[in-house]
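Quick heads-up: it's one chain on its own, the form predicted alone, in structure tokens.
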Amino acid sequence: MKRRVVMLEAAAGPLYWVILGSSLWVLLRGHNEPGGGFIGGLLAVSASILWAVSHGSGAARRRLPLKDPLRLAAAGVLLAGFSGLPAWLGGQPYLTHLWGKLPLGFMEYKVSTVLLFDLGVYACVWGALAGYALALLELDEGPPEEERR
């Protein structure tokens, strides 16, 4: 029987979303600066670990995008790789990044293929490290309830 820590379970709900929101802010803020995708991905991993410690590894795994860390990491690698194709198809060197502006009415947001690259790094880091951490936590949890019967 799993021991419950009610205070942790109660705090994990809002903290999970605050940490994920912070990771997205770092991702979007950092796409013009080095490291936005990597640091944002690390923050997302910490949100997943918090959820796993408070609700179990299975619950944290179900909260991941694509529901599988390996798929999330692979999708990130593919997205990062595809981010270099627009320039290459336009006759420029692969991974030469293109820039544009997205009008939001009250401001313009600079967008580029760098954002796609950082999003790929974010997903890859989140998937790979969350998968590793969840596998380690599952060792401590033992077999799922249905396998113990």
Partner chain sequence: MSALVATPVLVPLATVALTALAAGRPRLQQVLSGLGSLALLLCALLLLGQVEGGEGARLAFGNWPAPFGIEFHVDRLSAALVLVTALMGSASLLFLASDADPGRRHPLLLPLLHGLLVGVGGAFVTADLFNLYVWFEVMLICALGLLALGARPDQLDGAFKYMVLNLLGTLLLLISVGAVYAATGHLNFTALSQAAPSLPPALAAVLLTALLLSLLLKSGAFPLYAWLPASYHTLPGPVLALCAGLLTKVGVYAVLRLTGDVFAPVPALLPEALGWIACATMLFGVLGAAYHWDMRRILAFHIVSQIGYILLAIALDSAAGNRAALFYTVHHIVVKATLFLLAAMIWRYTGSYDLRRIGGLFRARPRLALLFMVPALSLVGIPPLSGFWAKLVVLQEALARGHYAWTAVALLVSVLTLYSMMKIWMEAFWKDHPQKGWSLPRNTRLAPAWCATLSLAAVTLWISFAPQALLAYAEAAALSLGGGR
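Fair warning: this is a prediction, and the values are worked out from it, not measured in the lab. Numbering follows the first chain given and starts at 1.
Not on display, but discussed next: the form predicted together with its partner chain.
Shown alone, this chain has one stretch from 115-123, 77-85, 36-44, 56-64 that lies within 4.5 Å of its partner chain in the predicted bound form by heavy atoms: 77-85. Residue 94 belongs to the set of residues with a heavy atom inside 4.5 Å of its partner chain in the predicted bound form. Interface residue remark: residue 28 is not counted as part of the site for its partner chain in the predicted bound form, having no heavy atom within 4.5 Å. For the chain shown alone, residue 98 is not a contact residue for its partner chain in the predicted bound form, no non-hydrogen atom being within 4.5 angstroms. At least one heavy atom of residue 70 is located within 4.5 Å of its partner chain in the predicted bound form.
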